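Coming up is one lone chain in structure tokens, specifically the form predicted alone.
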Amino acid sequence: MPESTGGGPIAPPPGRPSAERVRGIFSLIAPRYDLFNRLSSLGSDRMWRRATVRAARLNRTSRVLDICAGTGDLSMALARQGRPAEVVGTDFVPEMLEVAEEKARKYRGSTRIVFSVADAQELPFPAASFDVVTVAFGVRNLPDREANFAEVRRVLKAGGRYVILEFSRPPFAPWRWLYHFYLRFVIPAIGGLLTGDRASFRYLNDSIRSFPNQGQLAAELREAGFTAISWEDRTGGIVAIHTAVK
């Protein structure tokens, strides 16, 4: 909960996630979230997810947990491209998972796909349950990344991989400046047009700009006990795919 004084709750600072803020934003934008992703990324989101599936190194016996699964785009890419035995997708916003479940109903492949409501900071699964854990654009919205990293290590089997697709920081200064201009002005405009809620997309802009850069996120994963940590920049560092091993 946000901190409170006698005058009532205090909103968290710009860009800082809280459970209430994140749930409120994504429950509202769920019906048009996929369209927003396509438009705002100029279609690059599909390419980023394909690269994330490759980084997961799945096989036909893999059991995958996709946390912060949202509308299920990465979960479905894991099933279609990686073809593991099972993909379990979780999110704590039911409205997002309703969209994901509709996609899963249309799937005709061999992978078992299950969606359920769960908090990525307190996962309802036994220890050593999964070969791979993935997350796309969700770690940035967790109030307690340390708790998430601990939970992911707990549910991963020994040698299992944590694969994180997240917005990052372009290392080339002119490209970074252009990217931040786009985040500040274009993203809220597109989001406001699609949903009528420009303020929520200003939060998304702030959350991206305040998120750790590639090296800082790698250091957090190392501190949490992961090994063999690496990352791959995509689209000039607009996003990065981190991989870490238990």
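Each residue number is its position in the shown sequence, starting from 1. Remember, it's a predicted structure, so these values are computed and weren't measured experimentally.
Quick note: we don't show the form predicted together with a small molecule, though the next part is all about it.
Visitor: Just checking whether G191 would be counted as a contact of the small molecule in the predicted bound form - the rule being heavy atoms within 4.5 angstroms.
Guide: G191: no, not in contact with the small molecule in the predicted bound form.
Visitor: I238 versus the small molecule, in the predicted bound form: is there a non-hydrogen atom within 4.5 Å?
Guide: Answer no; every heavy atom of I238 is more than 4.5 Å from the small molecule in the predicted bound form.
Visitor: Applying a 4.5 Å heavy atom distance criterion, does D119 contact the small molecule in the predicted bound form?
Guide: Flag for D119 set to yes.
Visitor: Even though the partner isn't displayed, in the predicted bound form is Y179 close enough to the small molecule, meaning a heavy atom within 4.5 Å?
Guide: It does not: once the small molecule is placed as it appears in the predicted bound form, Y179 has no heavy atom within 4.5 Å of it.
Visitor: Heavy atom within 4.5 Å of the small molecule in the predicted bound form: which of F137, F115, F149, F130 fits that? Just give me the one.
Guide: So the residue touching the small molecule in the predicted bound form, by this definition, is F137.
Visitor: Looking at N205, S62, Q214, N37 here, can you tell me which has any non-hydrogen atom within 4.5 angstroms of the small molecule in the predicted bound form?
Guide: Residue within 4.5 Å of the partner: N37.
Visitor: Of the listed stretches (92-100, 107-115, 171-179, 155-163), which one has a non-hydrogen atom within 4.5 Å of the small molecule in the predicted bound form?
Guide: Comparing against the small molecule in the predicted bound form, the contact stretch is 92-100.
Visitor: Looking at the small molecule in the predicted bound form, do all three of V22, R49 and N141 come within 4.5 Å of it through at least one heavy atom?
Guide: Judged in the predicted bound form, V22, R49 and N141 all sit within 4.5 Å of the small molecule.
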